[in-house]
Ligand code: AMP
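Only one chain is included here, represented as structure tokens and corresponding to the form predicted alone.
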């Protein structure tokens, strides 16, 4: 059952996915816009292209003739996926899912209008004037996001009319690809956010990982923990929403479905058709299978009967603080390694820039998740990136 898998996007999440696939005997070609990306270091082959160049994408698909195409980032010419799928190539989770979820407009309209799940009030804008009108419609405070971005880039909060122009410029600067459009969302007064990792299978039932809580800064996750303590009725509501949206999109794989949890229940926020960065907490063996192992098995049609919480866990990111073009040096690993029931993973990124995620620290055990978060942060603080 060895398959040839073309991985589009080769960051740290892609690297862990490749490792999971290697353990199942698969053949991987890792693709990204620069050489030496993390997943390339553990794949059989690699390609360096601009994935927004449809002709370049067609060329490598024709060259490698993959059985499966797995997108790991947003900035891909995803409309080409329909043609690949029609030629018998499996697109993960599906061509429709990949195309819709790479664009916040498509997925938000599907969730709110077609599926009918609860979301924040929202509008779209392609100009500063349209953004001003959108802010008037949803009210302040509100959140502005590029329709295509990753790791929170380009996101900001508008609290007064003076913030609108600044938010517009920041969103456009943070947009990935060539889609210069933003979404403005009414502010949801939420108690906390969760990522509900949702596993859809080719012939099996849809399963859910224990909910993951997380904290963001500059639009990017800083710590995550599993499980997130929450009311059973709110979790069940989120599960139903996640099942409905993923069913409408179709296909098999792991989905990172994000929710705001309020006093009245769950609000659908966003969805990624692949392993989620907050789900790196599962690398601490919090579950019987990590999110990456679940993704690999679902894609290959290997049944997963259950997802079991084995122990509590937390993760904390290790960031670079400076610009660097040479291979980074990590210091303090000896000190970090002696803290009991912890671990760390270095991503192998070849260069640094301010706030670039370079590694993750993990803590696990039977303690309260709040204590594990502090322990993971302690490990991360001991690791310096030069």
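Here the structure is a predicted model, which means the values were calculated and not measured. Positions refer to the first chain, counted from 1.
Not pictured, yet referred to below: the form predicted together with adenosine monophosphate (AMP).
Out of the stretches listed (110 to 118, 184 to 192, 281 to 289, 205 to 213), which one is close to adenosine monophosphate (AMP) in the model of the complex, meaning heavy atoms within 4.5 Å? Among the candidates, contact is made by 184 to 192.
Heavy atom of residue 270 within 4.5 Å of adenosine monophosphate (AMP) in the model of the complex: Residue-level check for residue 270: yes, a contact with adenosine monophosphate (AMP).
In the model of the complex, does residue 143 have a heavy atom within 4.5 Å of adenosine monophosphate (AMP)? Answer yes; at least one heavy atom of residue 143 falls within 4.5 Å of adenosine monophosphate (AMP) in the model of the complex.
Is there a non-hydrogen atom of residue 163 within 4.5 angstroms of a non-hydrogen atom of adenosine monophosphate (AMP) in the model of the complex? No, residue 163 sits far enough from adenosine monophosphate (AMP) in the model of the complex that none of its heavy atoms falls within 4.5 Å.
Residue-level question: is residue 258 within 4.5 Å of adenosine monophosphate (AMP) in the model of the complex, judged on heavy atoms? Because a heavy atom of residue 258 falls inside 4.5 Å of adenosine monophosphate (AMP) in the model of the complex, the answer is yes.
Identify, from the list 201, 103, 94, 155, the residue with a heavy atom within 4.5 Å of adenosine monophosphate (AMP) in the model of the complex. So the residue touching adenosine monophosphate (AMP) in the model of the complex, by this definition, is 155.
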